[in-house]
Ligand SMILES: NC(=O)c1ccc[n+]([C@@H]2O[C@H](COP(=O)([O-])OP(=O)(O)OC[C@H]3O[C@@H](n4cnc5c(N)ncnc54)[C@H](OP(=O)(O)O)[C@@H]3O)[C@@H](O)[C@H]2O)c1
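Single chain ahead, written as structure tokens, the form predicted alone.
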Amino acid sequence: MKKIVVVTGAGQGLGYHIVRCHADLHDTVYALDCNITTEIESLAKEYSSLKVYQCDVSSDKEVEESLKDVLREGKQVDVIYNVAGIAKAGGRAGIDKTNMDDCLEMYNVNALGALRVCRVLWPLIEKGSLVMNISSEAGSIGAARRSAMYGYCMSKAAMNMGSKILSNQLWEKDARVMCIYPGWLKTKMGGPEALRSSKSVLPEESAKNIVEIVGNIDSIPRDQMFMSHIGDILPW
């Protein structure tokens, strides 16, 4: 059965390749990004079932505006991929050099952005709907080994907590939430080291893994909520 899918951060990297996977499956895809790239525009010309919207998930107004067409259709949304996220360039500093304004910006996008999207789409999240929040191992408190990156790590931990609370709220609807670590991606956000490393992963590979998880979600226990793109369980 064809799905209705919403993807944020869809213009490039992981989000773009998740969109492409679902477009190849002929699903109806609503792709949102703060920057409409030539890549996503070209893909939209190739697939009539793909619709592209400009949206900054840190803005209540833009999230509401960009999702008007989805709400107007009034059909259940099968999968919401909250991919949009930022890592500020100066965010790798220790506490002595941490910019608190940068931390707030990352929190607003990485943690609250996903909640904004789900709040607007709330009427269309029904039995069988799935919210896939793209988190990070950086958001794991139990596995934390870093001595820097306060803003990014804290924003992803906050996303995880928001996901858990949303999961509790959706329990009676029989809809569910999953937090996925996509791996250390060979993207601009992953950084120059990721592009060179043999331990990093191509975004198209990670996207394929994540879409496969979505396709087999019923085989995963409902209380198993935080895992990597290859199925490794991560500690909260």
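Residues carry their position along the shown sequence, with the first being 1. These figures come from a predicted structure and were not determined experimentally.
Here the subject shifts to the form predicted in complex with this ligand, a form of this protein not shown in this document.
- The partner is not drawn, yet in the predicted bound form one stretch among 161-169, 84-92, 69-77, 123-131 has residues with heavy atoms inside 4.5 Å of this ligand: 84-92.
- Every residue of the trio D56, S136 and K156 has some heavy atom no more than 4.5 Å from this ligand in the predicted bound form.
- Contact check for W184: a heavy atom falls within 4.5 Å of this ligand in the predicted bound form.
- For the chain shown alone, M106 is not a contact residue for this ligand in the predicted bound form, no non-hydrogen atom being within 4.5 angstroms.
- Using a 4.5 Å cutoff between non-hydrogen atoms, N35 counts as a contact of this ligand in the predicted bound form.
- Although the partner is absent from this view, L14 contacts this ligand in the predicted bound form, with a non-hydrogen atom inside 4.5 angstroms.
- Interface residue among R196, K45, H26, K188 relative to this ligand in the predicted bound form, by the heavy atom within 4.5 Å criterion: K188.
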